[in-house]
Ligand code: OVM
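Only one chain comes next, encoded as structure tokens, the form predicted on its own.
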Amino acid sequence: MDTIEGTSATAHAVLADLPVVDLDPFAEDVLADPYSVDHRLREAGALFQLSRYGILGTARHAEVAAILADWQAFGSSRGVGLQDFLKEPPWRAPSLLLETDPPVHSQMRRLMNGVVSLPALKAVLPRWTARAEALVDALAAKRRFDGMEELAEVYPLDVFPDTIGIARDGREHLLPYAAAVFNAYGPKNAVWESTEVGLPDAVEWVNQACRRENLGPDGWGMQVYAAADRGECTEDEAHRLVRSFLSAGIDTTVSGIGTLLLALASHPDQWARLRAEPDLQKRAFDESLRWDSTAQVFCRTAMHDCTLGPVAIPQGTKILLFLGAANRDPRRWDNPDRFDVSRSSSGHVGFGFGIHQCLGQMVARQEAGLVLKAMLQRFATIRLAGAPERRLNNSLHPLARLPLEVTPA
């Protein structure tokens, strides 16, 4: 690839000097094991050309964090996947949180911060705690179980939709819908096509479930509609904001808890240390997200002609950010491939960075923290009881199955 379409003559010369990486980051073998290529991507250069897609890429922590922090130069409103919303309409109405920039994003984020607040999380804490303890009690009695199908998927799907006020009938659509949302950020490959099966039914169910008349009266969803009644957003915007709960707050939390279970079961020394030093629990979850990022890639688009370091980047240029590679960048982390519960993982980009940092991270941290606390009290040991299996996704790195065996405390 010699140039990127739409660049100026000056920028052509600069971009043409960037290293070219002829690798498909959305190939199935790469999606199954992204860390097998991350070293190659980081060492290609601070910025490189991805010849398969005619875009730029970066896999180093400094550049990834800088792009995520600079929304004025590198925006989200043209799509956070390969698709450019100015050239091709999205498959659904864009997310008002993930796929907008200020001032729209600021208004919507302020509204949602008022709903997903610390007092709101404290209010649901007793109920979420009781459900975590009951679930882990049952698994301790079983001793052998699938960490994904019986814990990481069950717990968020039990507590979070109830909190929003989503009807129980039809919740089997939640995970397929969320998987499709994140698959759509990549190309229309076989992985994306696999999620299209049953997708129209899932989309229709989600659209109906998020309407005012179908929500429970006391949930977070109705609080969003109350904001619409106060004039803080329109009725349609309220519907789209409630919909955002079902992608940002479900699949990523399921994957995050699964990753935590995998990390602890794969590192018995770290489990033992965590039981001896329970004050490290909060660090353990963030370290698991750094060690194996739930979100592996997202895009940003140059909103005007700008620069990143010495490189002139023309308006409209897409840049693929390799979050998982950045979180294992040896320029930022000592011994980055090691999972260490005592590590301060501050600065990891597993939840994004800057104004678009994941709204659901407080929810994910509370859910994962309650599950982990219950496990530490009830499991003396936890180990793998078989080979983990991955579920392929164009932008996430989720598990499909995680056979575990525990010894009750």
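This is a predicted model, so every value here is computed, not measured. Numbering starts at 1 and follows the sequence shown.
Not on display, but discussed next: the form predicted in complex with 3-methoxybenzoic acid.
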Non-hydrogen atom within 4.5 angstroms of 3-methoxybenzoic acid in the predicted bound form for each of Ser255, Trp291 and Arg365
no
Looking at 282-290, 311-319, 91-99, 165-173, which one sits within 4.5 Å of 3-methoxybenzoic acid in the predicted bound form if you count heavy atoms only?
91-99
If we define contact as a non-hydrogen atom of the residue within 4.5 angstroms of the partner, is Leu323 a contact of 3-methoxybenzoic acid in the predicted bound form?
no
Tyr225 versus 3-methoxybenzoic acid, in the predicted bound form: is there a non-hydrogen atom within 4.5 Å?
no
If we define contact as a non-hydrogen atom of the residue within 4.5 angstroms of the partner, is Ala248 a contact of 3-methoxybenzoic acid in the predicted bound form?
yes
Just to confirm, Ser244 within 4.5 Å of 3-methoxybenzoic acid in the predicted bound form by heavy atoms?
yes
Tell me, which of Ala152, Val181, Ala238, Leu260 has a heavy atom within 4.5 angstroms of 3-methoxybenzoic acid in the predicted bound form?
Val181
Name the single residue among Phe298, Phe145, Trp220, Phe74 that comes within 4.5 Å of 3-methoxybenzoic acid in the predicted bound form, judging by heavy atoms.
Phe298
